[in-house]
Structure formats: C-alpha cells, structure tokens
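Here's a solo chain for you in structure tokens, the form predicted on its own.
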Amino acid sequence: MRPVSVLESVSERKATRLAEFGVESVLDLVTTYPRRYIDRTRQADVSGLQVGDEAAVLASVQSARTRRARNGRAVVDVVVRDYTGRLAVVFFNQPWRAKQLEAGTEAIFFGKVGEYRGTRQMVNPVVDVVAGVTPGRRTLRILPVYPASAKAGLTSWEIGACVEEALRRAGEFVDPLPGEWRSSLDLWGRTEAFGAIHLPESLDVVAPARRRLVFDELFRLQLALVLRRRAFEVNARALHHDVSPREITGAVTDTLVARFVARLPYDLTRAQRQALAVIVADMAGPFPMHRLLQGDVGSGKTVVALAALLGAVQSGHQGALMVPTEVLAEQHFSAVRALLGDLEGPGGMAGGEVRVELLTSRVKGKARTAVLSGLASGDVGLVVGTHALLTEEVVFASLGAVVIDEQHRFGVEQRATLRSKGTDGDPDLLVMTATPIPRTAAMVIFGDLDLMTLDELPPGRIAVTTVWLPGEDHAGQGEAWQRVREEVEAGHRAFVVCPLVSDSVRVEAKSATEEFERLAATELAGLRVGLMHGQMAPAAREEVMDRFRSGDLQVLVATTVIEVGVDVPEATVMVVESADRFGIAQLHQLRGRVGRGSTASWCYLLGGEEGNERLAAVAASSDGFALAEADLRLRGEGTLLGARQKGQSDLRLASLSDPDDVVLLAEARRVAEAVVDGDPQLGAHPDLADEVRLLLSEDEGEYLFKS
C-alpha cells in the first residue's frame, strides 16, 4: 500500500499527524469517510435557527473566554457569527475549547439549539474546525465533514483536501466484483461510489454510494471467513470420538460421560441436553467440531463443556480448557474438580477416572515438570490452563477436544495454535462466552463459528433486581448499604466490587484496598468485611474465599477477580462502585455472582452521570443477549477479524445495527460462497484475492490460498 506521503498535499509534518489519526496509507485515507455533510443550498443560517432545532451552522468565532462554574468546573463561552447573526455556544468541562476556538476561527457547529435568558445557544455541540478552507472547496454545494482530530492537529478540511487529491490521482479504481453480481444486486461501480461519497454533487447520491462501499467491506470479510472455513474443511483430520446421545439421556450408564451426568446434584435443563446432543453428534461425526456456545450467566455452560471434554477422554484422547487469566484458570480448576468428585483419579486417557491438572505461569519447578510429563505421556486426561498451554514445551499425547472460555480474549491464531497440538488429528473446538461482547456477536453473525445457544436458566433461579444510583454522593447511595446490612442480618452475604486495587491518579475510580478500609469504618462498621484482589497470592485468595463461603466473612470487597467462576449461593447482594468504569458485558458478568440460589437478590450500580446509556441498559435488563445487542449498538463492532488486522478497523461504514446493512451482509455471504465454491483459491479472481490478503496476516494468507 502506498504511503500518504506520495501526495503533494501531505507534508512530512502532516503525514506524522495523519499517522496519529490512524491514517498511514492512501487506502486508509480514501476509506476515511465523511461523518456527515453540510448542504450549502439548505445550510442553516443563524438568523433562521429555532429553539429545538438540531442544526449545523458554519460560522466564525468572534470571542471565546473561560470562566469557572460554582462547582469549580471550567466553562468556555463562545460567540460565533455568520452573515445573518450571532449565536452563543457554551462548553462545559472542556477548557481546551478556548484554545481551539480563538477569535477568527471558522468552524461548523453541530448541535441542538436551546435558549438561555432570551439568547439562542448551543451547549457542547460537535465542532469541526474548517480554518484554511480553500476557495475551490467553498464553491461546493455539499460540504463533506470529516472526523477531524484536535489532538493530532487536523481539521476536517485538511483531511478533505488530501482525500480529494488522492481521488483525482487514483483515477479509475479496480473493481473486483464480477459485473453480473453488480447488476443483480443493483450496486454502483466502485470508482463512482468513492467519488460520490467524498465529493457528492447532491445528497441523493450519498446513499447508493455508501451501499456499494458497505457491500465491499462486508464482502471482503465474508470472503476471508468462507475461505478460512473451506480451508479448514479441506485440511481437517477428524478424530473418532466414541460418544452417543444415549449417555445424556441415561440409556447408557457405564461411560465416563454418563457417570458424570448421573452424579450431578441436579437435572440438566432442556437447553443443556439439546446442546450436548449437538456436541456429541459433532464429536462422533466426520469433521472436527468448530462451534461457539453462547449462554447467559448461570445457564450451565461449564457443565456442558466439561461433558464434551470427558467425551474426548473416554474415547482415548485428552481435553484442554483454556481461559484468559490465571485467576480464572484457578477458579475453573477448582470448579472442574468439584463437579467431577469421585470421577477424578490417577487414571489417564480412556480410564474410568480422569486426572486433572492446572497449568499457568505460576505452576513452576517440579510441579510444572510433572504436569508437562503427564500431558506428554497421556497420564493427564484433562488440563485447565491459560496462554501457557500455547507454549512449545506443552506436548499432548493425543489432544482430542479444546474448550476456550471467554472467546473474545483470544485471537484466531491462538485458537489455531492450541488446535495444532493435536498429533493424531484436529481436536474438536468449542468456544464459550457468557455475554457476547460486540466483537463476538459480530463474529457469530459473520459465520466464523457454528452457533449454539443455552437460552434457559436452571429451575429455581430468581432474576436479580438491579438498581442504578447515579452520582458520587455517598448520602445518595445509602439505599445500597442499607440493603447490604439487611441481607447480612438475614444470614446472607454481600459483594462490593471496585475497579482498581490501589488509587490511580489517572483513573478516578474506587480503590479496593482503600474502599475496604473506608467501608469497614463507616457504612459497614460492625460487619465482618474481607478483601480480595488479583495481586494477592493464590493461597491468600483461596483462604479469603473459603472464609466468605463459610460465613466467617459477611462482606467481600474485591476487584473483578470475582467476575467469573465464583459460586456462592448465599451471596444475595452486590454493590459495584464506579460502575461507569465497567463495560456492559463485565457488569452483567459481575451481577451473575449473586442470585445463584433461590433467594431474592439485588445488584446496585453506583456512580456515573444521568443519561449513561450503558448503566441504564444494565439496570433495565437481565437478558444477556439483549445486553449484547445494546453493547453492539453503543460501542460498534470493533475489529472483527482480530489482531492480524493491519492497524485498521474492519468496518469503516457498515454497521450491524443498521437493518439495511444486515440485509447486505446476507447478500455478501451468498456471493462469497458462490465465488469460493466455484473458485476455491480465487485463481480466476486475482483482484479479489489481493483484497482478502489485505485483511490477513502473511501466514494466514498463505495458509488459505495454498489450501
């Protein structure tokens, strides 16, 4: 890809600024799209603004001054003017605006028009500085407004000038989409689309131009995914697993899987039985399993995953459960051993018992040597570990099944590395997530994995009541601490979650250590309060957890070390400090630590300002799948294809929250499958092959096109 420095309008200094903005190549530049347009034939004049209008005004700054509000926060008062009149613009808690908007600066102000003391004003509008706009661009009827960066020192118009030169010098774009598909889908040509989206002669051309470029983004992704899936199928070396749905129903009773299901202290839910039936069929089938298991917090994914791993063990192979952190690995290790009970023993593969071991970076010396030796010999049937499982020193006798928890923490290469350790064939792969974050939800929609859902909670579960208490005023949070006292007096337990272990100057969030000391002396004085965080030694954490489970500790102040895997049925209330510092998925996971029994439970979210959409969403719903959609809408898709992406987001225009784009996604999948099925290595479509390679690492590109 050609660097932006080849453009005459890009000096060395501007190239550095563009790089800070994430634009290094000409391709990056032309795929930096306008975020909106100003129609100069309909442009709002200051004199015509009405209170309640949402408008964009092109005006010059007359004055800007900074003052302090009563609460001490900075307020910047700006007066702007166009040829028809004046408008007041006010910025709260944005002191840097005074320097950005010096007198004489020309900018576009986009926001809602209000009124204060009889004067029309905008409060905290979006600002695009257009200083230095050239006479030529002023004559455009439609002005594209680019996402300028004050931090990088770039204005919308500087970006636009660079884009315009790039388009002029590029001339005709290569269009790799076959003409018959363009015709059948009613898509514009690529050159026409790029020209219209950046330099539209009217707003009517923007939608069809965007539609073509959205299709291109989705189509490239679909091609990569379909190629990856086809290569996987062609190169797959399936292992034979001797498992049957009859072991789940109880018709067979003497196998390891059947004995595991039978010894559970509860019946499997309908959803768990259906999921296991699909998994067993996959494991006994001719192709390796490649599946994502979605389930809400508390839906029983661990039981399903462990049954799958035991299916591999009873078939003469080994199972591996990989999780992203050492703390989570230790918790899963304890949970697996508890679920196995008397099924755990010294036996290796295909025995009546299974030896389970833990492998993280904390396992050292003779203990580590023993685990590695056991994996190589086959004496260890099941291993729970972190990224440590990916190292070269880990060799399996016969890896038959891999389960990856919290799938969004691992990239494609990491999954492939673990699967490649199957010496006798490709192990079955099951990845799990409790609340699909946007990246995971999008990967499912894009068809990277076969989807399976646990949509049912075990019987007896009562929904957790979630209460959001905005603001930082301790007096306004009294309801939460009163609830903690009431639940403790009733013999139950409580969690208090803080985002940090110790105070940070950079992040204004509660410190678990200092909050523990404050609460023990104030709101929770007289209660038995404990502290747990990830920097404690494992033995110390386990001791604290044991005391909490037994009731010796009534309240546990902790960091997110308790996010996953902690199961204390007596815990009925959780208070999350500085809740606005957490994402939707993390808050939902944390909330899942209470309400695990049959007693009414509460989760209090403290902090954040009124109008915080993330906190409002969590407070309004306990449905993890609905929250995933809200997260997708609020945060966007993220980088869908993982770390091998070359510094650019996969989706610049397309949005999975847009129904029209979702329709295009289905069309893109259909075209991708038709193209790949007819030309598996894209030999007859070299331009398409080149575009797909832009999305992939060198190693994966070679793998796909040689397969």
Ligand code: ADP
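We number the residues from 1 along the sequence you see. Source: prediction; values computed, not measured.
A second form of this protein, the form predicted in complex with the ligand, is not displayed here; the remarks below concern that form.
| field | Touches the ligand in the predicted complex: Pro458 (any heavy atom, 4.5 Å) | value | Result yes; Pro458 sits at the interface with the ligand in the predicted complex.
| query | Would Thr302 count as a contact of the ligand in the predicted complex, using a 4.5 angstroms cut-off between non-hydrogen atoms? | reply | Taking the distances in the predicted complex, the answer for Thr302 is yes, it comes within 4.5 Å of the ligand.
| message | How about Arg596 - does it come within 4.5 Å of the ligand in the predicted complex, if we only consider non-hydrogen atoms? | response | Arg596 belongs to the contact set for the ligand.
| query | Should Thr269 be classed as touching the ligand in the predicted complex when contacts are defined as heavy atoms within 4.5 Å? | reply | Yes, Thr269 lies within 4.5 Å of the ligand in the predicted complex.
| field | Candidate from Asp296, Glu247, Asp216, Asp631 lying within 4.5 Å of the ligand in the predicted complex - any heavy atom | value | None of the other options qualify; the answer is Asp296.
| query | Since exactly one of Asp567, Glu613, Glu233, Glu514 fits, which has a heavy atom within 4.5 Å of the ligand in the predicted complex? | reply | Spelling it out, the residue with a heavy atom inside the cut-off is Asp567.
| query | Where does the ligand sit in the predicted complex: which of 260-268, 96-104, 68-76, 371-379, heavy atoms within 4.5 Å? | reply | Residues of 260-268 come within 4.5 Å of the partner.
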